[in-house]
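Okay, so here's just one chain, in structure tokens, the form predicted on its own.
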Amino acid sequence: MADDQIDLFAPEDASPLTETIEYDAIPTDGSVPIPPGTYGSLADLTVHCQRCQRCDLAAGRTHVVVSRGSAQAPILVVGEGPGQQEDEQGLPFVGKSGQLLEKILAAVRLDTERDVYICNVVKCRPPGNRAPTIQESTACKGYLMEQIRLVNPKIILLTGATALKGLTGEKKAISKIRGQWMQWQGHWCMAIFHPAYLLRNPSRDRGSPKWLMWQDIQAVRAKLDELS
């Protein structure tokens, strides 16, 4: 983790919240959306998110898992939700799935500390690593939308069906839509297989999930070069 990112994971007794933002007015009911433009910085969002009680997932968490990577990244990766290791460390994608994700990105010269900002649809671990419910995703969506607004990436990668549906509302199977570019609120987006799915399907034969992922990540690299 680069030194200039450490403030994104500040403890709850970190510096006071920005005075120009009325944090007491931010909805605590998970069914009430967090308004766009609520947070002045990712640091403000992180401090407030760490205190969040907008859904029942808050009761079972060890840490709120907000993000890792660069706040100026051209690529933003959206996952599903924290697993056990992520909950313990307070960082997304640090288990086996995260290690594979880093290898995939590195294969096309993308660095997770410089080129990528990583976050999840929900910031607290669902019990038993289940997929988050609609209510949980809805309660947390305001944080994700604000992260996208503040980072303002050129490309958004949606890892798995939960990330795809949670952000865009698209319900198609990943196998039907992966690798296809779509425009969403001014951003280029692509749905890709979740690294956990690739771990369960290790074959590298032509047409296999890993083979398809290699095609997709090369397309991402080419698109980034084009946009840059």
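The first residue of the sequence shown is number 1, and the count goes up from there. If you're wondering where the values come from, they're calculated on a predicted model, not measured in any experiment.
Quick note: we don't show the form predicted in complex with a small molecule, though the next part is all about it.
Asks: At 4.5 Å between heavy atoms, is F93 in contact with the small molecule in the model of the complex?
Replies: Yes - in the model of the complex, heavy atoms of F93 and the small molecule come within 4.5 Å of each other.
Asks: Is E86 close enough to touch the small molecule in the model of the complex, meaning at least one heavy atom pair within 4.5 Å?
Replies: Looking in the model of the complex, residue contacts with the small molecule include E86, since a heavy atom lies within 4.5 Å.
Asks: Please check if G81 has a heavy atom lying within 4.5 Å of any heavy atom of the small molecule in the model of the complex.
Replies: Yes.
Asks: I'd like to check something about R54: if you look in the model of the complex, is any of its heavy atoms closer than or equal to 4.5 Å to a heavy atom of the small molecule?
Replies: R54: no contact with the small molecule in the model of the complex.
Asks: Based on heavy atom distances of 4.5 Å or less, which listed stretch (134 to 142, 107 to 115, 148 to 156, 72 to 80) is in contact with the small molecule in the model of the complex?
Replies: After filtering at 4.5 Å, what remains is 72 to 80.
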